[in-house]
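Given as structure tokens, the chain that follows is alone and in the form predicted on its own.
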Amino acid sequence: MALVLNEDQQLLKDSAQAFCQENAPISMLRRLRDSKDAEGFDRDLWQQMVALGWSGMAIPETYGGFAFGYGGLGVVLEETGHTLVSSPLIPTVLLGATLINELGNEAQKEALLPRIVAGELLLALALDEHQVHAPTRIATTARATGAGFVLDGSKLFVLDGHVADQLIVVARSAGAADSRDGISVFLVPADTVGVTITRTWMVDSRNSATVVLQNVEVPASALLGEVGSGYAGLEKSLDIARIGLAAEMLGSMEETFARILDYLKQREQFGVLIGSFQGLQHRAATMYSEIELCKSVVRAALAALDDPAATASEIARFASLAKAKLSEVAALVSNEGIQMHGGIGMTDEFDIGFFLKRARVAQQFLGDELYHRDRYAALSGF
């Protein structure tokens, strides 16, 4: 398993890096935050990303995609992490398109995936119902009727929920409250009667929402996969998203570390550069070593996603390994980013605080370090 980028991936990385630095610097995120932008992302920028083919990276060519694989999408996500780009890449492409590809029937794929590639459709996954990630702890109900289903329940932290054209709702059609059995997945247009979406202002300036479903009627064609058997496809899709998120986190911590080094080379104390202090050098060496480990973990996990021989169990272990390790190191590097900048690191004048805030949200999204350490142990038979 290669732990380095191939030639095509390196070219893609260079292209994505140049695009993000030139068109989506952190000043754009600052502007979106300060103006309390109604959408929370720049639609013109998103269309430019669509034109570059980013929306179709991991979508099969049969449905208008470019079949570059999750390795390619991971490279792009890593570069967006460097400038903290707010876009539909994670909710619509990484989560939404993956779920449709894993669970959807042929008619659903033909109808939806080309629209995602064209940038015409925004999706949001409505999954979690608690303050912590618990994908089996589903209380939202799906009651079968003659014409389809009726959904009732509420969802928290729905990424891009307030701008989504359609919600992908995870509901329980049977089974106990924390069982993998009886989970079903539905496509629900955001403007369906009975759906209430309230935007949540997140500390990292990204988009999130609370979704309430009250007696929401959907047709049988809204079901993704089989009734009560959606968890296997959901879990695989979540694992793919966890690895993609880890790639974005890698980019963010790489950028944070680069900014730390720049500051150590510029800031003087007692008449000398603080980068000459041995204690700070030791801390920088620790960060460098940990980031290199993270890079290997992410590269291996992305390679597994594109390996036809990789099993769902192997991908699950890679996903939890990547999310646990990246969450751990994201906390370390973001903390050091603030501390090594001293008092000015706490001010909004410097961009370093944006990386800390993004790290904290990314650490929790789709399961934190403790969740994935426990899951990895269980998957490994402990």
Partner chain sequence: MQALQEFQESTRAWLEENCPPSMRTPMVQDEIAWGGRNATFKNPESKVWLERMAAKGWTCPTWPTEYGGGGLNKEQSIVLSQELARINARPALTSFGISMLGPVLLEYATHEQKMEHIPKIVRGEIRWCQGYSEPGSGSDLASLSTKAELHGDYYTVNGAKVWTSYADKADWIFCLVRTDFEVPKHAGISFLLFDMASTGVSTRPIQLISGSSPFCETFFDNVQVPAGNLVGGLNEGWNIAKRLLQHERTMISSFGLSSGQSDRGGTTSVMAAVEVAAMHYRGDKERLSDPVLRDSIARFKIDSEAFAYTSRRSIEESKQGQGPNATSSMLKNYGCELNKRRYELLLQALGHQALGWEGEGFTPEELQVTREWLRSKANSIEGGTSEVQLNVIAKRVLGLPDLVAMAKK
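Just so we're clear, the structure is a prediction, and the values are computed from it rather than from any experiment. Positions refer to the first chain, counted from 1.
One more form of this protein exists, namely the form predicted in complex with its partner chain; it is left out here, but the text below deals with it.
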So in the predicted bound form, are 219, 222 and 335 all sitting within 4.5 Å of its partner chain, heavy atoms only? no
Under a 4.5 angstroms heavy atom criterion, identify the one residue in 102, 290, 204, 129 near its partner chain in the predicted bound form. 290
Identify, from the list 195, 163, 305, 284, the residue with a heavy atom within 4.5 Å of its partner chain in the predicted bound form. 284
In the predicted bound form, does residue 231 have a heavy atom within 4.5 Å of its partner chain? no
Hey, in the predicted bound form, is residue 259 touching its partner chain, heavy atoms inside 4.5 Å? no
Spell out, yes or no, whether the shortest heavy atom distance between residue 14 and its partner chain in the predicted bound form is within 4.5 Å. no
Is residue 328 one of the residues lying within 4.5 Å of its partner chain in the predicted bound form, judged by heavy atom distances? yes
Pick the stretch from 314 to 322, 24 to 32, 66 to 74, 350 to 358 whose residues have a heavy atom within 4.5 Å of its partner chain in the predicted bound form. 314 to 322
Who in 357 to 373 is close to its partner chain in the predicted bound form, meaning a heavy atom within 4.5 Å? 369, 370, 373
